[in-house]
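Next up is one chain by itself, shown in structure tokens, the form predicted alone.
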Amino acid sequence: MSAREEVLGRIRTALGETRAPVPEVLRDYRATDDRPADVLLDVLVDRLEDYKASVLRCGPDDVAASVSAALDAGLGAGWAPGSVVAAPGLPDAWRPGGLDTDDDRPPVRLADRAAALTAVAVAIAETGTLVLDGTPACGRRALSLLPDCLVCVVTADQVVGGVPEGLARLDPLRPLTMISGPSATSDIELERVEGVHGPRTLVVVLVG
């Protein structure tokens, strides 16, 4: 008998022969958000900024210039293109010239880069959450965790109102990374500490 079978056997013994039926889970919460798209974009910006992220808004033809401005905001003017690594599936039109592309190098080498650039799979306005799903445009999870500055490009059609709508768009079998603001935690005296588990700087380029 394996350890797994032994554990499950003990649980079945503890539950006994007569088990209470599994209660039905009520799912009468709000599943859709009928607010206009422009309102949802404003809500997303409000939540992101409340989480101490920076947001730059632009049109579809100005993404690369806005990404460059986002890197100025995150790294300061004069940043070196070779210090920024982009997700491999990111559209060329979104990239400032000279950025490096992630080539599955060992994750420890990603920590040497000043910033990473990715797309997102979904953005949830109500919670100010960006979801990355490991597709080529989002990149692998290490890309969004190791460089100290993360720049994410969000298009207007990726913005939904609430969590149920966001989850409905996602593949649950993919590795999902949910980001609500720069990495931060609190120590035992509730002093905020930034950058312990991920980037200290998050800049969002919102297209639309």
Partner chain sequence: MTTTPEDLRTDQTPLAPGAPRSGTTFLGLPTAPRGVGHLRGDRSFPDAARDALRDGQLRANLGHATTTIRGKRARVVAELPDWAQLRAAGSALKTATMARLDEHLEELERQVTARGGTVHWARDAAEANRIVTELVQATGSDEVVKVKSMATQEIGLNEALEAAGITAHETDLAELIVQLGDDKPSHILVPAIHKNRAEIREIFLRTMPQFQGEGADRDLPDEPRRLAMAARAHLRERFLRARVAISGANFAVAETGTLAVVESEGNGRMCLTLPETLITVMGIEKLVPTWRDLEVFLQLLPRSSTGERMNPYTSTWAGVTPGDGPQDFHLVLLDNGRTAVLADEVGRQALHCIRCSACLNVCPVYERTGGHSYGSVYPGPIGAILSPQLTGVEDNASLPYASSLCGACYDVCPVAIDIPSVLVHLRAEHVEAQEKPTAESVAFRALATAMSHPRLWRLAQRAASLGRLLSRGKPTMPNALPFPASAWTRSRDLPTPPAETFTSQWAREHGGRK
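Numbering follows the first chain given and starts at 1. Quantities reported herein were computed from a predicted structural model and do not represent experimental measurements.
Below, we refer to the form predicted in complex with the partner chain, which is not included among the displayed structures.
Engineer: Counting any heavy atom within 4.5 Å as contact, can you tell me which stretch out of 114-122, 89-97, 133-141, 76-84 lines the partner chain in the predicted complex?
Structural biologist: Careful reading of the contacts points to 133-141.
Engineer: Test of understanding: in the predicted complex, would residue 158 fall inside 4.5 Å of the partner chain by heavy atoms?
Structural biologist: Judged by the heavy-atom cut-off of 4.5 Å, residue 158 is well away from the partner chain in the predicted complex.
Engineer: Applying a 4.5 Å heavy atom distance criterion, does residue 179 contact the partner chain in the predicted complex?
Structural biologist: Output for residue 179 is yes: heavy atoms within 4.5 Å of the partner chain.
Engineer: Hey, in the predicted complex, is residue 50 touching the partner chain, heavy atoms inside 4.5 Å?
Structural biologist: Yes - in the predicted complex, heavy atoms of residue 50 and the partner chain come within 4.5 Å of each other.
Engineer: So in the predicted complex, does any heavy atom of residue 127 sit within 4.5 Å of the partner chain?
Structural biologist: Residue-level check for residue 127: yes, a contact with the partner chain.
Engineer: Since the partner is left out here, which residues of 184-198 would have a heavy atom within 4.5 Å of the partner chain in the predicted complex?
Structural biologist: Contacts from 184-198: 184, 185, 186, 187, 188, 189, 190, 191, 192, 193, 194, 195, 196, 197, 198.
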